[in-house]
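Below you will find one chain, with nothing else, as structure tokens; this is the form predicted on its own, and questions on how it binds or moves follow later.
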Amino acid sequence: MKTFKYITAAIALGFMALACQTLDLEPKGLIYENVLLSSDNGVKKYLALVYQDLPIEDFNYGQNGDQRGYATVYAGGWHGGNQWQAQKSSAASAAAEACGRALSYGDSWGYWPYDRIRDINNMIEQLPNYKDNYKEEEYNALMGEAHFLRAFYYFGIVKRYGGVPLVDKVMDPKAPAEELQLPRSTEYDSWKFIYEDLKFAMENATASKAELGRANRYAAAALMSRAMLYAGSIAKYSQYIPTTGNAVDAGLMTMPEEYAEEFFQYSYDACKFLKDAGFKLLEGADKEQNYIDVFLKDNSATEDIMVKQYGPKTTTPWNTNLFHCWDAMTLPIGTNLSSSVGAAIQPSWELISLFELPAITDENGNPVRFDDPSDIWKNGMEPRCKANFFFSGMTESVSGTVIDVQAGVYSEYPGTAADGTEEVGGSVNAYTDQYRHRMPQPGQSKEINGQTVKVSGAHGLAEGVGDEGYTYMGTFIRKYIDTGINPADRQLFGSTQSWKVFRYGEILCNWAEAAYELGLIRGDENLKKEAIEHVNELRRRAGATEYQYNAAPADLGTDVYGFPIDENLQYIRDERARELCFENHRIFDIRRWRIADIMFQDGVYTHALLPYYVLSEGKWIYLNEVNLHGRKVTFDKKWYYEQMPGGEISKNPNIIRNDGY
């Protein structure tokens, strides 16, 4: 947010001269409310920490640890930029938007931002005292901005805990304990509180799009579309995850199904509001490059609704002094690539397989033979997939390095793909022992059957380097990698590319889902068809084949999850995974759909996409092995809600624990 200057929490005071006779002077260096709330620039300063701590799941986001979820400073060391549990499938960072959580996910990291909510409430209460300093439109815009910010903070806690105490005024810390110890409101009332704040913001916040890092009525509409979609899903699908206890009985966890339509409609209307406001997808003839540009350029004239901006390390009027580690943490170790850590999170096959790409096995289950490993992305892969991932043979533009991934060599491969990928033993068995060769370090060769051949790629796979630095999944993340960076800045806290808080691509995902859910509730085929058109708008931009609406869709959900999910709706959900991968939505999506506990029942391995050279044939194959470090993903039903922070429960006897803990 270059609009908002990073303000330090404390300002040093000068010593008072002992000879001073007037002792009631204002301390120098402090800026008081009467100054801060009297002008737009003052309000920017007042809201600086509010924006800095806004619960945006961005590059630095983590679900636990000392960073408390939203790291923005150097203090936490590089781990502050490595806490991406919402993107990870395990503590080993095996990747996965398609399946991901932190090991201690349900235990919570104590997120309780009522200090910032108090700051916002204070502004809402005190700004009317300075109304004469503003034109009516300016004053209304500031009040709308404050309501948006409060809604965003509440969204951050309600989607985790369910119903929470709703504090809409500044509370006197000297008041009796019974006045301060507010009980939790119901989950329904909590979502409606967010709705009312966002409705106010949509009607009053500025219509100007000039400051991408600052909230306006369109950011409010985007948050409305996201939050109300979440609420609608909770209302519809909670019935399928039976939970009992005091919190459920009090309405603090889950909502009746009857509220689903209400919330889906709010989401739908907010999406239409943004369409009518002129937002659209960024389009370009080169589909691959265009999709890269979505994340590396400010697209305020088309797709960008709100952006969190970083750096640079210069003194500017609204310098944020915020940095992140995305390039250093996702690229492999190498000259002008990552200079520190490297490949801390890596894409899984579970995600990559959702995109259009050439088959890697034939109809008989045998590995397809390729002349070169690059054939997989050069022939038949959708451009959006190539923009999201680095595959072997691609050139990383800043360094000029050709990505080199080779998992090993098979002296020959006479069997099916299953022979080399059997999960028992983590893809290590008698077959692989007989035919497969790997090396402990990247870029190594060895003699096999009288020939000296390269066995491991320069960027992996290598068995002796641990789970960072080089690939053990077969690919690297390309999305958000800065193509305009100085290679010397590919180090910890050296990255400054912006994070897209809200963009129209997400809005189309939200719109498609809300429309289809409403179509199911109302039996309205037109709404269902409209949903698919929103999906196809995304797919046309992606350079992918359009989806054909099925008027008699098969039920893909009942046998798997115990409740119906038809194939059209499943496709809408899969498109969301494709479009929004590595944007920190997936873990929250599979939670609100109430499918995570079945997805990871009894623990599930993530799989790799690994290229092997078959020496006897002079050909290449790809195998979906269990990831090298063999860790499983699990999800307990109780983790659909996180536990209320223990410290708050001990301070406030009116806060009821979430059931299951």
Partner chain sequence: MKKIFYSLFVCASALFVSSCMEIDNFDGPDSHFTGRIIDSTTGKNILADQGECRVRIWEKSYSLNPGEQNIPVKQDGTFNNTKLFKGTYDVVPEGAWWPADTVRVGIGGKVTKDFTVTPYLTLFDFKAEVVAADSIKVSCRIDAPVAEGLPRINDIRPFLSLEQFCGAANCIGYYSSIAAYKKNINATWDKVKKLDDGKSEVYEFKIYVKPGYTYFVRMGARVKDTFEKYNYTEIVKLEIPQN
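Residue numbers count along the first chain shown, from 1. Because the structure is predicted, anything quoted here is derived from the model rather than measured.
Missing here is the form predicted in complex with its partner chain; even so, the following discussion is about that form.
Listed stretches are 631 to 639, 46 to 54, 33 to 41, 606 to 614; the contact stretch with its partner chain in the model of the complex is 631 to 639, by a heavy atom cutoff of 4.5 Å. At the 4.5 Å threshold, heavy atoms of residue 561 reach its partner chain in the model of the complex. A residue is said to contact a partner when one of its heavy atoms sits within 4.5 Å of a partner heavy atom; residue 450 fails this definition for its partner chain in the model of the complex, lying far away. Although the partner is absent from this view, residue 244 contacts its partner chain in the model of the complex, with a non-hydrogen atom inside 4.5 angstroms.
The closest non-hydrogen atom of residue 653 lies within 4.5 Å of its partner chain in the model of the complex.
No residue of the trio 167, 208 and 210 has any heavy atom within 4.5 Å of its partner chain in the model of the complex. For the options 196, 356, 423, 463, the one in contact with its partner chain in the model of the complex, meaning a heavy atom within 4.5 Å, is 423. If you take 586 to 609 and check each residue for a heavy atom within 4.5 Å of its partner chain in the model of the complex, you get 597, 598, 601, 602, 605, in sequence order.
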